[in-house]
Structures are given as structure tokens and as C-alpha cells.
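Next comes just one chain, in C-alpha cells: the form predicted on its own.
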């Protein structure tokens, strides 16, 4: 409620601003709106998805020059040139994204600087675009016969579109697609394991950010009625990224805060500093840089989270309301062969981590894959789930070969997993983490999320997540941040997330690692209950005491090979197994 009140107040102030403010401040308000459009794209792209870009000014420039050429040379309506400019921006963004997003580390942002410089010189050297002189006399936008030919008039259009972009971005992040986007930055392997096509999603976010920058460029051209390459150089790209970071790169409304602060502060410093030092110069850049460094030292996550902590009390959120059940998979008959590993092999250089390993799992059982540390258990787990590609042999699930599939395709077939090291998004709530598991059970996409037409499905996904949390005994922790829970409960959250996917085969990678004796007993009881409900489980563990009274059958690995296979009592009596675990006995 407080957030809605703050938004209503903000809109009311914006509506009154063009009427009450002097012309200079109306112009500043327009610049803030234009910068906010680019920055909100960077919030999605850099702050949330983790793709750092210094080249968003390129997309603004493409749309600006498109409308400038088409309106001045050919007399085409600005509204038609908007579509043409955004289409060109989308085509270039898809091309650059296909190249750029394959890179990682420092290579990715460096590549955005590279094509930012290249396109800037392209603008400045093409005769059609007026070279470095630019293009003047761009006609104003007309809206239902109303010519938006002054700063006060176009201010309304700029901020209507800016507010629409902010609300759409906020809606997107509060959705099934938004949870997947938030997983891209640090948890892409986890997201892939629950059916998210991370490569396609990154390209989609890159495209959205580019289109928002293109919209800003189109408005810029018809606001100033003049474009030149200087507005779209690399410095502009750095400014846009800085606005997103200062405002709060992970916060949608941080785009407004960052754009406002940097735009206003830059203008004030230009006026104040010459009076203080007695002569002109670009000293505002030095002062501005120092102030920003101090600011980032104090509020590393940006201003938006800090202001939110001061101004808005923590929300008390209720449990999700009951909703229609999601569609469930048809489970296999008890005793049906589910997973078959046939001479599976994986090596890293000269190290053979898995050497020609063969075993199978059946429906309705708990199969333990055990062995001492370094035996190759987790490597085999990653081969089954597609995180690693195999170097030999076959892995089949219900008769279909899956060892060449990516993790998202394997998840679609009903294999879901937990991780050896807890793989949660610590800043997200428990229920949101678990709802990621149900990603494949939803169908609504990003446009539905932006328009808020996905609410019925979203209610189903969140209710399913709440049911699975209740199933594992965490119903009281729905809205706590996942990172605040102790390790034992975080591992239960991971199991609940996997159960939300409605798996046919549940893979648990060392779920008892780091747990105390009492916590292991609770976990074992949960797994027995899941088996009684018909769940098929493949359990990777090195703790023999934990698995002996739990599993139906065991496969023992040592140095990448199958050492033994059989019932728990047979494995306990096997001298080779005892020697592998204890180093031999007298």
C-alpha cells in the first residue's frame, strides 16, 4: 500500500511539474526521463541479469538517426519512424547479442565498448547521417493534432512512456520470467537445471534493454529536433551505466533515482564550481567522480535500497491463497526402469573422473550412489543432468538417450536435482526460490508478465511452491530470505524446489553434507516419506551411516569406477568397500 501511495504521489508531482517549474527545470526533467528509459533497461540487463554493457547509447543513436533521416529527407510521420527505428534497433541488438553474449568475464563489457566506439565513428562518417555536423530541423511529434513542439508539451509524452517502462519492468521481475532472469547472474546452472533456457533469456533481456534505449533515442531526436554523434559516444554509455549503478542496479526505481541525481548534480556543478574556483573548466567531472566514489563506498547496492530501508517498513506478507492445481506428470509404474547408465565416461585431461560406469534405477526406489570423497559421484550426477557432457558411453532415461541434451531439456523430461553446494538465490525469499522449480509448469512469458495478464498462473505457481514447502516442513518460512536460513533448512528448500517441478526422478547430491546428527535424522525421515508417496530417488552420498538404513540398493564408486553394487547389508559386508572407506583393516 505504501508503495502505491508513493507511486501516486510521484505521478501527481510529475503531472504538476511542467506547469509549475521554470523552462530550464522542465528541460532537466525531460533529460531525466530520457536517461531513465535507458537506465531501466540496464537495471534489467546489468543489475539483474548480470550482463554489463557500456554500449546502450548505440541503440539510442540508431533510433534517433532513423527518425531523423526518415522525417527530414522523406517526410515520413514520426510515429511510423518509431516503428522503423525500433525494428532497426531490434535487428542490430539481436545481431550484437548473438555475438556479445557468448563472451564472459571482462571480455563481455570490453566488447560492448568496442562496438560502441565503432558505431559512434559510423555515425560521424556517413554522408547520409550528416557526418559530425549531424541532422537538424527534425519535425516535432503530433499527437491527435497536438504538436509537441516545446519542452513542456513533450514532457508529458516522455514521462508517460517512462512510467510505463518502469511499471512494465517492475511487473516483469515479479513473475515467473522475472525469477528466471534474477537467477541468470549467479545461478545460471541452477536455472538451466529447472528448464530455463538461459541463453535465449539473456538475448531477450538484451533485446528489451536495447528497445528501451531506442525509444529514448526517438524521443530525444524529436525533443531537441537535432541529432549529432556527440550524444552517442562511449562517455554517454558510461553515464547510463553509472546512473543504473548509483540508483541501485538491482532496483527498477533506482533507474529514476540514478538518472535524477546524475543529471541534476552535473548541471549544478557546472554552475557552482566556476564561481568557487574563479575560472571555467570541466572540474565538475572531478568533483562528481569523487562524490560518486564516496557514495558507492557507503551504499554499495545503490541509493534505492538504502532509501527503501529508511522510508518503507517491511511488508507483512500472507501465505499464497489456494489456487487450482498445476497439471501433473503421469508417474511410471513401480519397478519400471527409469535411468540407465551404460559405460558412462568422463575425463578432464589425463584425469578419468568416471570410468565406464554402468547402473540403473527403478521407479519407486531410493538408489544410493556412494563412495569416498573424490570417487566421482558428483561428476556422474552432472553427466546425468547435462551439466557436463560425457566422453563415452550412454545415459538413457525411460529408454531415451539424454547424455547429449542440455540441462533444460533433461529437466523437461522429469529429472530434477539438488546441488552438492547449496544453490539458492540468497537475496530472494524462500517461496520465490522454490517457485523457480515450477518454471516449466508455467506457460506465460515476459510480455504477459509486463502487462500483468499472468496473475492467475502466478498464483498457481506460488501456491504450488507453498505446498512443497509445507511438505518438507518449512511452511513458517515462506517469506524469509533464503540466505538467512541455517544450512539444514536451506537443503530442505532445495528439495522443495525440486519437488515443485513435479519430477519423475529426484536426484539429491549429498543432501546430508554439513548436517548434524539430528538434522540428518529429519532429512532421512523426509526421504522415506517421499518414497512412500511413490517418489523415485537417486541419492549421491559419501556418508554410509546415513544411507544404510534409508536406501533400497547401493552402487559404490571409487576412483571413478564401480566398486560394488547390491543391497545395503551386502555392501556393508564387502571387504573392498570397507577398504575404500577405511583404507584397509587388519
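Positions refer to the first chain, counted from 1. Just so it is clear, the model here is predicted, and its values are computed rather than measured.
FYI, the form predicted together with a small molecule isn't displayed, but the following is about it.
- A single residue from the set 392, 320, 372, 109 has any heavy atom within 4.5 angstroms of the small molecule in the predicted complex; that residue is 372.
- This chain is drawn without the small molecule; in the predicted complex, the residue among 364, 376, 237, 302 with a heavy atom within 4.5 Å of it is 376.
- When the small molecule is considered in the predicted complex, residue 474 lies well away from it, no heavy atom lying within 4.5 Å.
- When contacts are judged by a 4.5 Å heavy atom cut-off, residue 348 counts as touching the small molecule in the predicted complex.
- The closest heavy atom approach of residue 154 to the small molecule in the predicted complex falls outside 4.5 Å.
- When the small molecule is considered in the predicted complex, residue 353 lines it closely, a heavy atom lying within 4.5 Å.
- Heavy atoms within 4.5 Å of the small molecule in the predicted complex map, among the stretches 100-108, 222-230, 378-386, 175-183, onto 378-386 alone.
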